Structure formats: structure tokens, C-alpha cells
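Encoded as C-alpha cells, the following chain is the form predicted alone, with no partner shown.
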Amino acid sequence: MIRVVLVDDHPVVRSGIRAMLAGQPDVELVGEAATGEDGVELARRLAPDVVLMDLQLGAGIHGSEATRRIVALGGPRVLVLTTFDTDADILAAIDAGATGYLLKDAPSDDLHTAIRSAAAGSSALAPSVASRLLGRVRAPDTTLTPRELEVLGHVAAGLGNRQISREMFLSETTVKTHLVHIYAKLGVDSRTAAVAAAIRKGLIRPS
């Protein structure tokens, strides 16, 4: 039996996923949480095989940070189940140790297969996610690094260089260097143009 914990801040979504899992003879939903902190605590207490993790969890820690903490427990596999497939979201989740990344519009059969794959320690990626990752591998010279995506995310949120340096514990010079690289890779010459290009390419989410 594969024991699953579900972490999502929307009750309607949790109800829908609960129904999708109900008919599976080898899958048991043993716990639900609406926040990242509660998800981490449930994973620690219940020691499930798989944690289904949303990324945007309202107040509190982000889903990728919750993933990092759960993976650090050394037992549960984390399968991200979200509506977002930007490079920034995907890389943050994978860097945190997620075993798989699925979108919420995936057919129920895909979800069941992904849960079984995650429980077995195999990766499970939505086709669009796999395609984005493959694109990064094939075009490394024009691909933004996770650090550059993080800087750009702060720029999109309206932060200046000094604020970004404080948030990321970097010098202002380093932030400026990242911005130069971002501009060159995106073929732009301003912060506004960089944000617009990144949103258009699906690299970051609109603020």
C-alpha cells in the first residue's frame, strides 16, 4: 500500500484529488494539510511514501521550501502537483529534491502512475515540464540559471538592486552582474523589457 499525504491550500482541490485516489486499491490517503508547515509536520509524523505538494500555499512557506524540508527527513518522496510550469517554479522544486512534477490538469491515470513511480523512486514529469527541461539542456548559452531566475523574479516584484542584494545575501555588484547576463541572454536592455520577455517565454510568473 502506498501511503500518501496531500498538501494544498484549496479545499475544493483537495476534495477532487481525494476522489481521484479513492478507487485505487494500492493507494491510501493518510493525511491532508493546507499549509507548507503543516505538510512538513504531517510528513514527519506519518512517514508517508509520497507527498503530493502544491507550490503556491498562501501564507507561510512556499511549496518548494516545504519540499526541501520533507526531503531532508529522508523518507517521503515529493511529487509536485501544481498549475505552474514556469522555469523558475520547475527548477526550484527539482532543486529542492522533488521526485516528480505534474500539472493539475493531468488525467487521473497520469496522477496514479506518477504516484506509483514516485513511491518506487522514479521521476515523473509532465510532458510540458520535460520539454522545458530538455530545452534548457539543448540551449545552455541562452538559458537563465536558477540564480538569474531568482534575481529576475525579484525584479518583477519591483525590488531594486539594493533590496535584491539583501534578500539574496549578495553584493549589489553581483546583482548587477546577474542583470547584465540576463539582459544578454534575453536580448533586452532594460529591467522592464527583461521581465516582459521572461513572462512571455514562460520563465517566470506575472507578479
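Residue numbers here begin at 1 and follow the sequence given. Basically, rigid core = biggest C-alpha set you can superpose within 1.5 Å across the two forms. Note that the coordinates shown come from a computational prediction; the quantities given were computed from them, not determined experimentally.
Below, we turn to the form predicted together with the DNA, even though it does not appear here.
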Exercise. For the chain seen here without its partner, which of 49-57, 22-30, 157-165, 63-71 has a heavy atom within 4.5 Å of the DNA in the model of the complex?
Worked result: 157-165
Exercise. Does at least one non-hydrogen atom of Ser15 fall within 4.5 angstroms of the DNA in the model of the complex?
Worked result: no
Exercise. Do Thr174 and the DNA share at least one heavy atom pair within 4.5 Å in the model of the complex?
Worked result: yes
Exercise. Would Leu179 count as a contact of the DNA in the model of the complex, using a 4.5 angstroms cut-off between non-hydrogen atoms?
Worked result: yes
Exercise. Looking at the partner-bound form in the model of the complex, is Arg44 within 4.5 Å of the DNA by any heavy atom?
Worked result: no
Exercise. Has the Cα of Thr35 moved 2 Å or more between the shown form and the other one, judged after a core fit?
Worked result: no
Exercise. Has the Cα of Arg166 moved 2 Å or more between the shown form and the other one, judged after a core fit?
Worked result: yes
For this session: State yes or no: after fitting on the rigid core, is the Cα displacement of Ser190 between the shown form and the other one at least 2 Å?
Result: yes
Problem set entry | Direction of the Cα shift between Arg68 and Leu170 in the model of the complex, where the change is 3 Å or more | farther
Seminar exercise, completed: Under comparison with the form shown, the C-alpha atoms of Val195 and Asp9 in the model of the complex shift by 3 angstroms or more, placing them closer
